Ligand code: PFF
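Given as structure tokens, the chain that follows is alone and in the form predicted alone.
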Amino acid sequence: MEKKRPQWGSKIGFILAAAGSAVGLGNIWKFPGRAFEGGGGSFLLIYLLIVLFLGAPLMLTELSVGRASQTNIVGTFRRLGHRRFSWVGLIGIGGAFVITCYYCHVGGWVLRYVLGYATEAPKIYADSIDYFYNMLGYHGEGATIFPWVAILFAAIFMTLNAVIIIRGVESGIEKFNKIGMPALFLLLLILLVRAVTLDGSQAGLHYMVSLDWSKVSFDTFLAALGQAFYSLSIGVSIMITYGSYLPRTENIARNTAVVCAMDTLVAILAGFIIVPAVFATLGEQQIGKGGGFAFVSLAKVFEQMPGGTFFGVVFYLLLLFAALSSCMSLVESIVAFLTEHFSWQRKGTTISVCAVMFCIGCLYTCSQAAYPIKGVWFDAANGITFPAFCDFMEFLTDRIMIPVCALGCCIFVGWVWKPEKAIAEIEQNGIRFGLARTYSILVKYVAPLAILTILVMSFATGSTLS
């Protein structure tokens, strides 16, 4: 007898889980810096248009394909009668695997900083750069040790993910997100109130709502494209897997709109928190993006902010919830494939996969500072290079795996399976999809062209587009 496939226990459970997957670290520490570089309100407008005309249709495409197949991302193409497109699913699983390898370690760093701000904030304030690099095993003047602190907290973070995934879709992922996502929004609101009431924050607020087109270039559009794809969990098997757990009665068009809106709201709120706070404390020239900004530069913001230590704890708790909800969705897509394709047991598969990804991720952490571990890369601007292994892993997913998987899904739905079948899936149980014609045009022509642009420009310029 075929084992009954798990499903989401409720509509709100799916929405919160999908939003939790989409809302990740990139929303909170990358988006504000990109918004600042792209002219504040100008970038926000460009980003909103990209989410509306590209992000939402791509998410809807993946959800409709997943629900139609009711199986994992690799089995999806086989069940829909096009086995030759299984390579798309394999790239999606591969991308999720590589991302999880390093994402679980960054999540461990976040957990370390929650504890750090709660117990030894003065030590962080004294030398935020030294504190960060000590965690990664660097002790100045070339002296390095094994980064056991960062590794330990990454192990704890990965264990939390494994425990939740083992409990299953409804009892694990859904239950966590029903608590984690409301908590995340509450923490965002607390930080927003603190940021906009700081003396000097008005200049940052004004910048975020002003349209400064002088800072907009072609790279701005590429950055917004990459940010939207990465942020919405497109191209890494997650939404196809999550869609496969949806019952036929769900309105996936409406759910897509809600998830995209929640994800975008988090990114915008993060921009309205970080940009005004940095304007008020350090000055606009100190705004950055990425891990160095989140772990090093923001320490100076919290140090100068009244009640800053408390808000530092709140901020890293916010990051922790975002990291957990995203990481568990990546792990779930991998576990779903392995348990269904090979008929493995969920508990043993989860433990084994998490252990392997954690171990590979140790190379990511070690290459940050302690050891000169290298990868290999090529682009037209720089030729063959040997970047740090941590950069290599991010290049591999951001510049190849995510866009190629997303492109494969667009080609499959737009030209092979056909948009009419996706629309029929969306319109199950008499649900009317009023944007069907627009959706067909976007998935057949506009989205593939945008993704190809990301791929070509990434290798032509060597720029980071994620």
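Definition used throughout: the rigid core is the maximal C-alpha set that superposes within 1.5 Å between two forms. Keep in mind that what you see is a predicted model, and the values were worked out from it rather than measured. Residue numbers run from 1 along the displayed sequence.
Only in words, not in the display: the form predicted in complex with 4-fluoro-L-phenylalanine (PFF), which the text now covers.
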>> Within 4.5 Å, heavy atoms only: does Val236 come near 4-fluoro-L-phenylalanine (PFF) in the predicted bound form?
In response: yes
>> Using a 4.5 angstroms cut-off on non-hydrogen atoms, would Phe132 count as touching 4-fluoro-L-phenylalanine (PFF) in the predicted bound form?
In response: no
> Any chance Gly408 has a heavy atom within 4.5 Å of 4-fluoro-L-phenylalanine (PFF) in the predicted bound form?
Replying inline: no
> Is there a non-hydrogen atom of Ile15 within 4.5 angstroms of a non-hydrogen atom of 4-fluoro-L-phenylalanine (PFF) in the predicted bound form?
Replying inline: no
> Which of these residues, Gly26, Gly33, Pro419, Gly40, gets a heavy atom within 4.5 Å of 4-fluoro-L-phenylalanine (PFF) in the predicted bound form?
Replying inline: Gly26
> Quick one: of Leu330, Ile91, Cys390, Ile252, which gets a non-hydrogen atom within 4.5 angstroms of 4-fluoro-L-phenylalanine (PFF) in the predicted bound form?
Replying inline: Leu330
>> Within 4.5 Å, heavy atoms only, one stretch in 335-343, 364-372, 213-221, 226-234 touches 4-fluoro-L-phenylalanine (PFF) in the predicted bound form. Which?
In response: 226-234
> Who in 91-117 is close to 4-fluoro-L-phenylalanine (PFF) in the predicted bound form, meaning a heavy atom within 4.5 Å?
Replying inline: Ile99, Tyr103
> With both forms fit on the core, has Gln227 moved 2 Å or more by CA between the shown form and the other one?
Replying inline: yes
>> For Lys30, does the CA position differ by 2 Å or more between the shown form and the other one when the superposition is done on the rigid core?
In response: yes
